[in-house]
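Quick heads-up: it's one chain on its own, the form predicted on its own, in structure tokens.
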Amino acid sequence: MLDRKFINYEFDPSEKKVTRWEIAQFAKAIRDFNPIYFDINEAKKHKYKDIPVPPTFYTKYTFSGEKNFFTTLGIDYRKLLDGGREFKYYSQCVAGNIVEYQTKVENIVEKEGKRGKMDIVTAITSGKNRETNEKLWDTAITLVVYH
């Protein structure tokens, strides 16, 4: 059983500069070969300032801070099930942007299922553009941790 003291716990913020190479590698990995992810001229034709990030790119920024999310909460990987992710987008991020992001544990709820007791953990990672201070995204992740 996970400690409820972690409800509303905020991990330290992190920041990362988004690069064209990183965007291209991610686009290849998800097999999205839209030229806007590889060619600056194509991106500018579509009114982007630089190469834009693909929609699920922020998966890379699920957890922030120096502390390991799973170790901090005491989650045993052998008892973990990914319950899914949900994205909300607010403004466009492009190569060259520096993103600041932070993870917060929204809730931990104990439930009973066919396999026994489990904790349902919901965490939100929010990101913003450091230069403009515009909010870029929220990623909600749900984790199921069996007892």
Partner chain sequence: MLNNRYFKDIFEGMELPEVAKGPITRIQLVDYASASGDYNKLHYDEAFAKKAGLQGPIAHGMLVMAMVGSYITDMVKDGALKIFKIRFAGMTNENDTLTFKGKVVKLYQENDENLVEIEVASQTQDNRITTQGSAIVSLK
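Treat the numbers as computed from the prediction; the structure is a model and nothing was measured. Positions refer to the first chain, counted from 1.
The protein also exists as the form predicted in complex with the partner chain; that form is not presented, and the subsequent description refers to it.
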{"property": "Non-hydrogen atom within 4.5 Å of the partner chain in the predicted complex for each of 25, 46 and 85", "result": "yes"}
{"property": "Segment assignment from 85-93, 66-74, 99-107, 113-121: heavy atom within 4.5 Å of the partner chain in the predicted complex", "result": "85-93"}
{"property": "Contact flag, residue 30 vs the partner chain in the predicted complex, heavy atom cut 4.5 Å", "result": "yes"}
{"property": "Proximity of residue 60 to the partner chain in the predicted complex, heavy atoms at 4.5 Å", "result": "yes"}
{"property": "Those residues of 1-16 which, in the predicted complex, come within 4.5 Å of the partner chain by heavy atom", "result": "none"}
